[in-house]
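The chain below stands alone and is given as structure tokens, in the form predicted on its own.
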């Protein structure tokens, strides 16, 4: 049986949302920084729990803030992947406010918190960042090397197929 789920990638500018999106869907990584304008939508079909899962992925331009991203982008979303940059504290300084906002507009939606760019920092740095966050980080990834990217999306898919 085919199942479709809408999943939003959100977070600050430059955290690697588009790179995670491209790595998962196309197995590609581009060193150039390309700003997403508005939203980019694509899908990938994966096998999850004996189902074909159509993952409708929405890569939203930076910032979660209510005044910057149209609320309509979030409507009907089953899950949110909130991405922050392990190398830039400014991308996770407002994490608690952002997560509370997301859970308020999507009370039934699942939120996964992802620290990206792990290839640029030491394991000790990652541990320090994660242990000081006011929320639990679900996974750390590197869109550049591909580390944990597939795991991130497949774990989201498995959690959404019940």
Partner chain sequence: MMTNHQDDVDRQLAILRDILLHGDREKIQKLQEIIDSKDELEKRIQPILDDRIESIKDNFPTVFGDEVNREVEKKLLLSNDLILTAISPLMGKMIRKYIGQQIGELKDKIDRQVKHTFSFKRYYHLIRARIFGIQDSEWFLSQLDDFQMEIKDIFVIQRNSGLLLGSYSTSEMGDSGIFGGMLTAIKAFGEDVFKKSDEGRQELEMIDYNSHKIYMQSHHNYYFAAVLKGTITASEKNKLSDKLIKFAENEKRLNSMSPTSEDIEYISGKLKENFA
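Residue numbers count along the first chain shown, from 1. Please read these numbers as outputs of a predicted model, since none were measured by experiment.
One more form of this protein should be noted, the form predicted in complex with the partner chain, which is absent from this view; the next part is about it.
Contact check for residue 28: no non-hydrogen atom falls within 4.5 Å of the partner chain in the predicted complex.
In the predicted complex, the partner chain lies farther than 4.5 Å from every heavy atom of residue 90. In the predicted complex, at least one heavy atom of residue 70 sits within 4.5 Å of a heavy atom of the partner chain. Contact between residue 40 and the partner chain in the predicted complex is found at the 4.5 Å heavy atom cutoff.
The candidate spot formed by 5, 58 and 75 is fully in contact with the partner chain in the predicted complex: every one of the three has a heavy atom within 4.5 Å. Of the candidate stretches 96-104, 42-50, 111-119, 132-140, only 42-50 contains residues with a heavy atom within 4.5 Å of the partner chain in the predicted complex.
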